[in-house]
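Taking the form predicted alone, here's one chain by itself in structure tokens.
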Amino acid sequence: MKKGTLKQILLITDGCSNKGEDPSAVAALAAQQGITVNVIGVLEDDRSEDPMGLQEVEDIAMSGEGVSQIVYKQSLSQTVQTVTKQAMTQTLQGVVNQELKQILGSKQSLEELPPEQRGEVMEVVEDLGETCDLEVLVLVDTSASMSNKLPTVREALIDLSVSMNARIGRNRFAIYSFPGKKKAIDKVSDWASKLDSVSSVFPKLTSGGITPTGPAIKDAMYEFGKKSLKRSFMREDEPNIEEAGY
């Protein structure tokens, strides 16, 4: 299998979108561009679950071919890591299925393989999960109701960085918040291999305003392309890294 770069948007939110395009439709567009959209819905311990908000979390992830998880804020750190890794495995399994169909015919899939062969294929998937390049754009909802959850989000992202850097493959992270002051999203932390700046940047974030989830996902999707262009002009003597997804 040819190695490429797994690209993910990790949306962390606690409420329903209320402005702009349908976020599920935008997530589907991102998936078509090879960018998986994963969603973590953060709930308070002391408030009832919003059925519309929970459904939206699931719908966005399903349209974005990603993973969704509803979590209370004290469990957020572990969930961020789990969702990121689950999405990697899910994407890689999809790639393996496509490869199998090309080799063995359109009716053959991973689930239909004999147990021994399926185990061998899953070993390949696990190895790819450790060695492939990973790019995660974290998209944090900073609308008013997220105010008291932001410190927990900060700690969860630091833990994610530490966990992911145990992998062999190259990691790149960026963090954006929404709603932005003048645009749908604002840059919190530019693309980097670690999230070291999170501790200093997060306390400065202000919360409030609307929840334009659809426009935020759309703008986040475009940031992957900007990064590729920017990197190609950084240094002429650097090797050209193909940024094609799987």
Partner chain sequence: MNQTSKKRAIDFRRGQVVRGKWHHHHYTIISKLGHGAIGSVYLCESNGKQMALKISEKSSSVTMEVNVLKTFQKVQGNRLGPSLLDVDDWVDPSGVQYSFYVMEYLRGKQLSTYVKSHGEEWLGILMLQLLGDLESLHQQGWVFGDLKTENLIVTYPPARMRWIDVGGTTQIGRSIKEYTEFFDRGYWNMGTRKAEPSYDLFALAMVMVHFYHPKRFERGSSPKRTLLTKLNQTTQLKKYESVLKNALTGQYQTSEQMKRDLSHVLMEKQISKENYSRKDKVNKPVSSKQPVTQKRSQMPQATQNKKSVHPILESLGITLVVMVFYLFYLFLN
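Positions refer to the first chain, counted from 1. Everything quoted here is computed from the prediction, not taken from an experiment.
The same protein has a further form, the form predicted in complex with the partner chain, not shown here; the description that follows concerns it.
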Is there any non-hydrogen atom of Gln93 lying within 4.5 Å of the partner chain in the model of the complex? yes
Heavy atom of Arg170 within 4.5 Å of the partner chain in the model of the complex: no
Indicate whether the partner chain has at least one heavy atom within 4.5 Å of a heavy atom of Glu65 in the model of the complex. yes
Under a 4.5 Å heavy atom criterion, is Ala166 part of the interface with the partner chain in the model of the complex? yes
Heavy atom distance at most 4.5 Å to the partner chain in the model of the complex, all of Gln78, Gln86 and Glu116: yes
Neighbours of the partner chain in the model of the complex among 119-158 [non-hydrogen atom within 4.5 angstroms]: Gly119, Met122, Glu123, Glu126, Asp127, Glu130, Glu155
